[in-house]
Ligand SMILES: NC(=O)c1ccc[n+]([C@@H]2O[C@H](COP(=O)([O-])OP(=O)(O)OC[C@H]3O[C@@H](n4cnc5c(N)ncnc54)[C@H](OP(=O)(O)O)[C@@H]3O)[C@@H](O)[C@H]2O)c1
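Okay, so here's just one chain, in structure tokens, the form predicted on its own.
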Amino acid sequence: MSKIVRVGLVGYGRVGRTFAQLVRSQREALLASIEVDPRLVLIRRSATQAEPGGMVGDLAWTEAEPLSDAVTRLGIDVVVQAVPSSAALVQAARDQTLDAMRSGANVVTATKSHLVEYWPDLGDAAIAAGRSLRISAATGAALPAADLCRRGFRAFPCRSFRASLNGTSNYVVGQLRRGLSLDDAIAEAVARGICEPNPVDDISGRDAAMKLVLLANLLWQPHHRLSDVVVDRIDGDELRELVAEAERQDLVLCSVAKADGDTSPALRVGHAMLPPSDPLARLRGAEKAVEFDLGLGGTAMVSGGASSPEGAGLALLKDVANLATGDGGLGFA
């Protein structure tokens, strides 16, 4: 007997549209492999909503009702959140998450900003409502780093990790090495769907800092906020100079994030010149990686998962499928 999962989608930009398409294209495969039948019953934009039924083609948009009312009326099991991680939408993203959980839905999100700002509040609210929060798409899209931090390393004495978490930065630096200008490299990244039309969070280090906080919070307590991250900011001219200097030294410039639960500051984001043999230096294009120090367990690394709407959409769908097949931890657990 297949399990029907009624899904409401909040946010209909690149990632949201891709997720909607994946629900349709992957439905038969999910039914055949794990007997999960995802059904997209609501698509919600900032002021309008549609109820697609079996199709996501020509949508009839109407004025948006309160999300809590839609969750109750449509019997939504999971609210998938794909709104931008901008500072301007932090409060709205938080309220959406709380409204969804208090109305009886689990939440799967690709949005980072409200998670780093309100982590304890959201976790407590989820537990109080008996709901789950899943954040794979917010921590690296197709890269399964969140799964490892949540469950994979529970018994391991993991006290530090380093990572390259922003696919846009990696792509842009790679294009600078090829001789492109910074503006042209960013334009290519936007055109390929690697980053949003406004790439300021990617280039400034804010995106990597948010992902760093989320992974650290899945691993350790006390929990961190974005203000706890030291970000070594550089402008475009400095970035070009660093790329050139790394080339002169036969090194590779990489965006590197570090987390160490036993040092202060525990979290840091910046650029580093690495030898070509370093695993982070071997990333290509918009790929990302996380290398964990597991103490007695040695070192473990996950890499790849290039940034793309498809990767983020698949990560959202994975979390929906996992919740439907017994991933019952409350809150972020």
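Owing to the predicted nature of the structure, the values given are computational and were not obtained by experimental measurement. Numbering starts at 1 and runs along the sequence shown.
Not on display, but discussed next: the form predicted together with the ligand.
Taking the partner from elsewhere, residue 85 is found to have a heavy atom lying within 4.5 Å of the ligand in the predicted bound form. Contact check for residue 134: no non-hydrogen atom falls within 4.5 Å of the ligand in the predicted bound form. At a distance threshold of 4.5 angstroms between non-hydrogen atoms, residue 96 is in contact with the ligand in the predicted bound form.
Mapping the unseen interface onto this chain, residue 308 counts among the residues with a heavy atom inside 4.5 Å of the ligand in the predicted bound form.
A heavy atom within 4.5 Å of the ligand in the predicted bound form is found for one listed residue only; from 127, 92, 187, 242, this is 92. When you look in the predicted bound form, the only residue of 62, 33, 299, 46 with a non-hydrogen atom within 4.5 Å of the ligand is 46. Checking 147-155, 118-126, 250-258, 76-84 against the ligand in the predicted bound form, the stretch whose residues place heavy atoms within 4.5 Å of it is 76-84. Residues of 11-26 that come within 4.5 Å of the ligand in the predicted bound form, judged by any heavy atom, are 11, 12, 13, 14, 15, 16 in sequence order.
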